[in-house]
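Just one chain is shown here, as structure tokens, and it is the form predicted alone.
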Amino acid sequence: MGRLCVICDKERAIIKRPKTGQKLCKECFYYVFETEIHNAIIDNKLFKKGDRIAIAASGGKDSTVLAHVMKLLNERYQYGLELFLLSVDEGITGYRDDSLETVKRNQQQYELPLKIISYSELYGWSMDQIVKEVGLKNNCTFCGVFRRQALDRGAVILNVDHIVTGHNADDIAETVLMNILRGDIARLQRCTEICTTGDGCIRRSKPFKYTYEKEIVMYAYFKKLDYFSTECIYSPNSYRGHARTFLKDLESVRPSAIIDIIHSGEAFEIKKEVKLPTQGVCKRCGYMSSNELCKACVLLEGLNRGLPK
């Protein structure tokens, strides 16, 4: 007979948690996974009753599990939230068009309203067109800037108070490593915050801040959730990929490395006398920016002038 679950001590353990090493039965794994996310929401006071919440939905494992868990916890603990799905169509043929079909199925499965907003609609450029213009080297810079702003603008259209994203513990630890490797020390503490105010003054939060990617995959697999698993065709060229590989190597030696890196970023403090950029408004589009032009307008200006590849 196999080892029993360390929580219920009744059912056979079939899962070993990557985060803690606990051997659990399936139902107890569901319980601790969902409860940890609920505790992160409550301990950090992420929402209040009556909030309208946009779930950033890409069709991938993180956002699909996020939509499932947000709906489940909202009903189980009576948060009193009004939930929406918000998707961004970057215009990547063979990737985003397929993943959006998954999002549309999620809309039916979870019975949540869905809004899709596209780069072509907002900026006049799709990612396929941008890559054709600038090449593969810098495309993730364009996509990251445009996507953040597109989510904010989609949230304004939906008239929501808050955006939740599927960024997990692995993603946050990768960002900490990237900022260290770039020498961008000023961003270390902000990048580990569970809730921030975006450039467009829309609150953003990461309920999966302390949730390991491997456990999200296990949850989606055992729950038989419908998600899209193909990686973006342009992302293998991203700088983040190198940080991800390094982090996975660290995790294989020391599983707590992910949380340890996050705690290091949380503990980082900037001296009071250090002057940080203040927020203003982009003179072209009216979006919040610490410079005369927001990052998206700067990038668009370069595209429209015809950047060299």
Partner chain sequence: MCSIQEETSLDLNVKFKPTTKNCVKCKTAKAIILIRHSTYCKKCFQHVFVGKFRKNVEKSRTASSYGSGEKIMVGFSGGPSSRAMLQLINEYNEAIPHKRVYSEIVVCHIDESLLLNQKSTIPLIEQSVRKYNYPFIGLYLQDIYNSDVTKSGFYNSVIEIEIDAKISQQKDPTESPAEKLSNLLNNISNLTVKEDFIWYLKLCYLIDTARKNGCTRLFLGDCSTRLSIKIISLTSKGRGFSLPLETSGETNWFEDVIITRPMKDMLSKEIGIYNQFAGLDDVYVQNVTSMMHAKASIERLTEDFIVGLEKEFPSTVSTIARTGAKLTPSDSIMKENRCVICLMPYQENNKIWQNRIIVMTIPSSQQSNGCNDIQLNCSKNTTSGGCINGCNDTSNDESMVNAEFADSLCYACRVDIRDIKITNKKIILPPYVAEGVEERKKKINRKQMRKHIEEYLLCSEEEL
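Here the structure is a predicted model, which is why all the values come from computation and not from measurement. Numbering follows the first chain given and starts at 1.
The same protein has a further form, the form predicted in complex with the partner chain, not shown here; the description that follows concerns it.
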Position in contact with the partner chain when the complex is considered in the predicted complex, options 176, 216, 155, 164, heavy atoms within 4.5 Å | 176
So which of 195, 181, 112, 225 gets a non-hydrogen atom within 4.5 Å of the partner chain in the predicted complex?
-> 181
For this chain shown on its own, do 9, 242 and 263 all sit within 4.5 Å of the partner chain in the predicted complex, going by heavy atoms?
-> yes
In the predicted complex, does residue 36 have a heavy atom within 4.5 Å of the partner chain?
-> yes
Is the gap between residue 210 and the partner chain in the predicted complex 4.5 Å or less for some heavy atom pair?
-> yes
Would residue 116 count as a contact of the partner chain in the predicted complex, using a 4.5 angstroms cut-off between non-hydrogen atoms?
-> no
Mark residue 47 yes when one of its heavy atoms lies within 4.5 Å of a heavy atom of the partner chain in the predicted complex, and no otherwise.
-> no
Of 253-269, which residues get within 4.5 Å of the partner chain in the predicted complex if you count heavy atoms?
-> 253, 254, 256, 257, 259, 260, 261, 263, 264, 266, 267, 268, 269
